[in-house]
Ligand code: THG
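The form predicted alone is given below as one chain in structure tokens.
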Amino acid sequence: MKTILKSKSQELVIDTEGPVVIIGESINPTRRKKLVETLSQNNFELAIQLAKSQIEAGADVLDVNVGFPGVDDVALLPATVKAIQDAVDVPLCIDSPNPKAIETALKAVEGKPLINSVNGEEKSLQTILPMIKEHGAAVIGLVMDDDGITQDPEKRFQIAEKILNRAIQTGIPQEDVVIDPLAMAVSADPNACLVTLETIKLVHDRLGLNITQGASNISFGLPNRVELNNAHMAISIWNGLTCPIANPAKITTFVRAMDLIRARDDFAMRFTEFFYNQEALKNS
């Protein structure tokens, strides 16, 4: 299954049979006080710096989220999207829980973005999917519904299947649906990772869709987060994860190694190129 995203002039393929695509998570005001301050003043310099640094670190797509208390995201999200697209040329993942903000951003964005997100709630399906169809975007489907978040992998799969079926009924191609199996903190629930991993496997084996997840969610509240995240990421990728949302500075080297080990990097070209590019950046 191939999900195609586009920037102003470039095309990116997320392929269930290809290398892992990294969606950079850092343009997000959560725990970034300086970003909140600058965005609240319609100052996009820091957001642009984060965009450029993530691309240098290996991000293929940039997640753009401007949500913080009191924000007028209906105005700020499209303005931020435009500022970033004026500065860099990679596909964007437009990230907001506010459908009106998503709609205004869809009108402003160039290319074909990924939208984060729709879920199995009836209101979400009825609101978000028509916008995806109208603007020809791709969409992330969160496996939660009107009953909340289930801890049963089979039920999470059923929600993923429901989202896919409703998308197809709306006229959205199946390849434009990317599933998020919901990675939850293992510190709060010892079975959290097992549920997510099994959901990934079910979606991969039965639906064949591309799969994303918040790469660092599982380690919240614990020490040595990078090592824990990478352990979970390795099994996730093996089970079918194709496009994690993550900090590329912490995950790209690991992802390149995973691609090489899985025979998705002929003659170690991408692994080696990334290593030498990073060495050059250090010495510049």
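Quick note: we count residues from 1 along the sequence shown, nothing fancier. The shown structure was predicted, so the numbers you read here are calculated from the model rather than taken from an experiment.
A second form of this protein, the form predicted together with this ligand, is not displayed here; the remarks below concern that form.
Residues placing heavy atoms within 4.5 Å of this ligand in the predicted complex fall in a single listed stretch, namely 208 to 216, out of 189 to 197, 130 to 138, 208 to 216, 144 to 152. Proximity to this ligand in the predicted complex, defined as a heavy atom within 4.5 Å, singles out one entry of F220, F254, F68, W238, which is F220. N116 is the sole member of Q85, T104, N119, N116 with a non-hydrogen atom within 4.5 Å of this ligand in the predicted complex.
Using a 4.5 Å heavy atom cutoff, D95, I245 and K250 all lie near this ligand in the predicted complex. Using a 4.5 Å cutoff between non-hydrogen atoms, R31 counts as a contact of this ligand in the predicted complex. For the chain shown alone, R225 is a contact residue for this ligand in the predicted complex, at least one non-hydrogen atom being within 4.5 angstroms.
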